[in-house]
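Laid out below as structure tokens are two forms of one and the same protein chain, each shown alone and named structure 1 and structure 2.
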Structure 1
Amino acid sequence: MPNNSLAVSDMACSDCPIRHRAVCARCESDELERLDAIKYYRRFEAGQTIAWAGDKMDFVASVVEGVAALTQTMEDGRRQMVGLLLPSDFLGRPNRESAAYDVTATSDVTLCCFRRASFQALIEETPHVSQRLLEMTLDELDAAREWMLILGRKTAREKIASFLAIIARRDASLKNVGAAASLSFDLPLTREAMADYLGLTLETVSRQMSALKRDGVIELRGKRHIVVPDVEALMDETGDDTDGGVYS
């Protein structure tokens, strides 16, 4: 049950479970058929560019598997990640012809794509799809605002701890596991990509990871696998309110 948790058991169509969760949780069968008619899959290898800022984007997509990143680059090469797309996240903006950001595959990625024009028509004719997209976009905006606090006000150590907490949280929700005292997960990003996420240099990321390890907050199994023996201790390092305040 935990491993196959992405399957949406009460949906008839099961070959693209993520899509239903993402944009069509309430679709009736005729709408599913419409989606099927305009959908296609694309795979990208780790490191590949999915689109450059300014490129024509004739599709929108759901991430089915893997991780993609949205980044902005300044002329002199300074880079900031502005979006991190994990499975079930949505990529692209209906109504926008070209990509506004560079989109790259951080790991091997599978996208479930929908032709943009057709998708746009679907939105206009299927109210609950735009309501669902609105909910998803509002969630993303909340995530962006949490991210802004991290970028603007947190120390390097707090940034790393917050990032690990965010990844752990997303990882747990993808695996459908509840709250636990200890956690274990893979980092979906290189040190350099973490630096781009957090507004740091890769050296600082590395140093702070080492410091958290030295202080027993995390353990490293290889370079990419993290064990958090005490989630509370990690949360204490984030600088966030401890009362787990989630406002529904």
Structure 2
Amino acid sequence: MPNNSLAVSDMACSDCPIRHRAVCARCESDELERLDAIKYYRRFEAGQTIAWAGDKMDFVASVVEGVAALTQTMEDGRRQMVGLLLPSDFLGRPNRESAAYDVTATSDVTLCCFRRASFQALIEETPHVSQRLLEMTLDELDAAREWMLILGRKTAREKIASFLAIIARRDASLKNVGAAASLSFDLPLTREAMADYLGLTLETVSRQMSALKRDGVIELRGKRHIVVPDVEALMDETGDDTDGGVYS
């Protein structure tokens, strides 16, 4: 972890905004006390590297605020963004000593960190933590499969709509909004980063965002703020078979 990360004041677990979605979601009060005893917070500014691929990681962490990007670099220097870490997502693996990808803060990021060795010992003795970590790992696998579909088979418009829908769902779940008719959220990526993540050009991303705005699917307020007046209309643009039926 870089030395120029910024320390932040402690936060009580009961006040944590990701309390009911993070790795501690199923913990009882005594288990939370054990986690609280080994946690510490670190803050990274937008653009800072949290970890380099191959470097030793002596910590694991939950994203409390902000968004981080996972990036892989090929031998010839080409780079590809392979994932995003959003609030409540888990960074690192208790049984893995080194980072698998470059991890970079795309916005200001706050991490709730645990020393890897201490966390490994804790999950061996705390079934609620190990069970939740397994659930989150399986959710991550499902998300990777969903992303394979987005990148491999969807049109540019469907890719943009799918990305917006994923961010909107996560934002709504953290705010405990439920099945709202409309949603609003801030984009975690610039349009250049969206293009990299979706395998599109910057021009295509800008054109499709403008088209979705023109068609009333989204509203753009400022550079990053998105309003979705009708969530079902956005879902219709993703190309997903949400009713389980067969396309004609």
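Numbers given to residues start at 1 and step along the sequence of structure 1. Remember, predicted model here, so these are calculated numbers, not experimental data. Between two forms, the rigid core is defined as the largest C-alpha subset superposing within 1.5 Å.
K.L.:
Just one of these is the form predicted together with another copy of the chain; is it 1 or 2?
P.N.:
If we ask which form is the one predicted together with another copy of the chain, the answer is structure 1.
K.L.:
Taking the rigid core as reference, does residue 43 move its C-alpha 2 Å or further between structure 1 and structure 2?
P.N.:
False for residue 43: its C-alpha shift is below 2 Å.
K.L.:
Please check if residue 58 moves between structure 1 and structure 2, taking a CA shift of 2 Å or more relative to the superposed core as movement.
P.N.:
Comparing the forms between structure 1 and structure 2, which are aligned on their rigid core, residue 58 does not shift its C-alpha by 2 Å or more.
K.L.:
Please give the CA displacement of residue 214 between structure 1 and structure 2, in Å, after core superposition.
P.N.:
Shift of residue 214 at C-alpha, rigid core superposed: 2.6 Å.
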